[in-house]
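First come two forms of one protein chain, each written alone as structure tokens, so that there is a structure 1 and a structure 2.
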Structure 1
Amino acid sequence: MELQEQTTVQVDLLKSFEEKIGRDDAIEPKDKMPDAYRKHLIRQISQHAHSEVIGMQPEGNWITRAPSLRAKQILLAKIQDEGGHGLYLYSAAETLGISRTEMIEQLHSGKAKYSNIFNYPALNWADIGAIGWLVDGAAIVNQVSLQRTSYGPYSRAMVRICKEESFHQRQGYEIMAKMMAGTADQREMAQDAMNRWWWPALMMFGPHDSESPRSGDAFKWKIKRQSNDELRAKFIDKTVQQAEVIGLTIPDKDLKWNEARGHYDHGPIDWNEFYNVINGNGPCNKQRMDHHKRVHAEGAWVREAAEAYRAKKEKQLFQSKN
């Protein structure tokens, strides 16, 4: 094909793709899509999948120490959900032409990221409450918005995930409420967890809109439907009241209701810390990656055995037929 012709075809393709987006039609795996759209989705969905999987670790740190059978059951079911959600998201990303093996390689090489929040340690039992209430709470605000994302498989995964995660935030809040109604030690642990998780939770929404403008491709192609600051405000507005009900103090002296905006104003977020953790210097970056790499390496012989067994059985079946 002549270069001229090729360019015309690409322009037509982009036009019909953008018309589809304009009509709010979902984009499906076999639809033609601009390379940049595909790349953006692979990056975002695989990062989302890795976050679910790496997110199993901080909570996993408390499974064997959960203080009651009920607490242990809930925690296990929640972490299991996260593994399942990682699976749904890996599947969604796979429809774009990348394999799970490649995604794991990218995670291990550092090319693919996961949510910064999981580079913080879970230090006391109230951290399990704070992770469910604040971290899942923040994630849910984002994920509810993503249910309307333009890529069909991603959107469907988000719908399923949102439905299942509705208990995650509630169980976290229940832990916090119980501890705030408990002994002085328990209240201290709860407030301590609140102090450590509040700001990282706000950072989960990403940089301010002034740094990350709404006009990018992610908005144009309706991958993202609401801005970082809009989503962050939504989270703060609903969480402040919940904290008040159980007597927790939000560690932000500048936090106050802004009648004119209809939202809370909050104090400055420490973006230095945010970028520092992104760049690998958070308290647990190395630990989380080492854990994932170790488990992956330790599991190789099992996966190889499963494949070898299948191959043997197929060969036997073939021979018995011939």
Structure 2
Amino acid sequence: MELQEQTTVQVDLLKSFEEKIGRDDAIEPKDKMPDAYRKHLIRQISQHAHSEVIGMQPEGNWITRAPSLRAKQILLAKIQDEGGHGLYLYSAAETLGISRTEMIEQLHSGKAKYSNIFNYPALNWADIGAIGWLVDGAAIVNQVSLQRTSYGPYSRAMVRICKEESFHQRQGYEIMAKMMAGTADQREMAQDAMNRWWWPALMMFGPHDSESPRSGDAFKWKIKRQSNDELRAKFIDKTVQQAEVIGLTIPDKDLKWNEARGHYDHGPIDWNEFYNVINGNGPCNKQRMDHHKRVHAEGAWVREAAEAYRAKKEKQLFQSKN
């Protein structure tokens, strides 16, 4: 009888959850939700948070080498934003019952992933432009869609993040535009960066819809509103036009406008490279993770001091009330 009652309660909770999803109501932390929904969100949001934090590394190396004081200030502000994005997202994931400590442990053990794009090197200043324009541009396309995701804390975090990512994209495009208006060497450097970052940027949207194993549940629960291929097409359509304005060539001989589809057709993506990088074999996988582990260990005293201060304040508050 007890098992039957538990089953009835679970069915009622699932029905209530599905009704909220059907009405497009936001799911909030205190709402009952299926374990599979919670786990999906933890995986996705923590991966997003890890990507923001790891993504600070390739740009951080260029702060001291930026070509002007203005460029340094802008790059510093951008990197600071990305650290903030990671904090928003870790906080959103924590509302689902996972601790930040556990998320970091999952990252360091390899159980959790981050975006494949951050395992490529930033070789010169043009790469910083390509990262801002292409990588953050791809992120914006995906994140604008996530503003309508079904989980309230994640959706609300995306609103602020998208505003700041728009600034990041403009920063990157400005760098590329200035280089394309410069010397022959600068134009060559910009085109080379474009050639190296274009295909990894397209991979950021994930595998084709037919090969994306988690998309079914994501659409059913309205975590995801647009498919990988739809988002990739949207990014290509707007980026091709931006490239034409400043004279950059898209490194895809098969790229052509498809009137029937209303989108550009593109050449085949090297998914072997994508999975190779995700599995830890990219140019900078080990470097990125070793750096994160080292800095995390070096910062342990800060976390311990903050915890000691919190405990002290709680004790003082308790004593004042008694």
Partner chain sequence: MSADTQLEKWEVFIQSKPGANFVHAGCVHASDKKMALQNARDTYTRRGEGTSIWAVPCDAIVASNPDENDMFFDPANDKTYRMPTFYVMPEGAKAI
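All residue numbers here refer to structure 1's sequence, counted from 1. Throughout, rigid core stands for the largest set of C-alpha atoms superposing within 1.5 Å between the two forms. All of these numbers come straight from a predicted model, not from anything done at the bench.
Between the two copies of this chain, it is structure 2 that is the form predicted on its own. Superposition on the rigid core between structures 1 and 2 places the CA atom of residue 24 less than 2 Å from its counterpart.
For residue 308, the Cα deviation between structures 1 and 2 after core superposition amounts to 4.0 Å. After superposing on the rigid core, the C-alpha of residue 317 is displaced by 8.9 Å between structures 1 and 2.
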